[in-house]
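What follows is a single chain, given as structure tokens, in the form predicted alone.
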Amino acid sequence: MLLITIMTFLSGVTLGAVVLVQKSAIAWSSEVGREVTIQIRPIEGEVMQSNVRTAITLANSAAGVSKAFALSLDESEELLIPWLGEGLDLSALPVPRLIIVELDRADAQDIAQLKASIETIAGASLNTHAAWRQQLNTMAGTFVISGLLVLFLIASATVLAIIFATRGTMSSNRAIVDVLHFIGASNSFIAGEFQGRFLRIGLRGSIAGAVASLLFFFGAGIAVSSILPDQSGAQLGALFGTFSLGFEGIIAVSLLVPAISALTAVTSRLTVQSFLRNTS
């Protein structure tokens, strides 16, 4: 039972991590896909404020755009702090201005037309963040496949452990099995008894492991929000949202209980039947 509990806990943590990353990747991709960014670089002889107003006007008049607004110079400078550090005087640097364009639909033709219009402004360029979306999707897909592979390895280890445990139990109770055969018990009946016992063990162990994994994520969420420094918590929040499994994650982890219980019962039955056939 302890072994099944540990295996279920590991499976639950792995599956929960996959769900968290998948949910975050979908949220990232959706958020990035709803926005494009116009960058206007300072160019000698050009009036920055005039170029910003022109870009906003062109963006608001473009098809598929719900709103366009410029970040202030202070907000643009704050974006450079993680790269350049705090306390620097950025007034002498040619800090570009950024305009956020929110889309009400992602039409490639509309974005292409908007890009062509924006590039008529000196020093202006349009960033659709397509490269970031591709990287996010690739990262999420790699993590999901890796998580599923880990789940397969855990399931394989669980099956092997159940096989060894069942064979050990059969060997230590060989005299009882012989007596059952002597009084007329069939191999199917004996296998069914082992299956029922291992099913109960698997059910108790998987419930304990699933509950432990859910408590792990609950505790991790509390740690992120209260124990870690604000900056570290914000970074983890950006990666995993609120570090909460949500309804989908809880359902996914809960489904491990019947899955592992059934795996335990079926594996034990097949092992007993194979053992009895080879020893009869």
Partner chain sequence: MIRFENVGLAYGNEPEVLKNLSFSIKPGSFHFLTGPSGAGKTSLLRLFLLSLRPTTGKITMFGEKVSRLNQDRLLQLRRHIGIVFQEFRLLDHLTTFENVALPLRVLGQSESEYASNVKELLEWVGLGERIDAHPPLLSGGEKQRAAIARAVIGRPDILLADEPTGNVDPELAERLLHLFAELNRMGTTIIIATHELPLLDKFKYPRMQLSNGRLKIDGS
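Treat the numbers as computed from the prediction; the structure is a model and nothing was measured. Residue numbers count along the first chain shown, from 1.
Just so it is clear, the following notes concern the form predicted in complex with the partner chain, a form of the same protein that is not shown.
Between 138 to 146, 202 to 210, 125 to 133, 171 to 179, the stretch whose residues reach within 4.5 angstroms of the partner chain in the model of the complex through a non-hydrogen atom is 171 to 179. Proximity of Phe152 to the partner chain in the model of the complex falls outside the 4.5 Å heavy atom cutoff.
The closest non-hydrogen atom of Ser156 lies beyond 4.5 Å of the partner chain in the model of the complex. For the chain shown alone, Ala112 is not a contact residue for the partner chain in the model of the complex, no non-hydrogen atom being within 4.5 angstroms. The partner chain is not drawn, but in the model of the complex it has a heavy atom within 4.5 Å of Ser186.
With the partner omitted here, the residue from Glu75, Glu193, Glu119, Asp104 that has a non-hydrogen atom within 4.5 angstroms of the partner chain in the model of the complex is Glu193.
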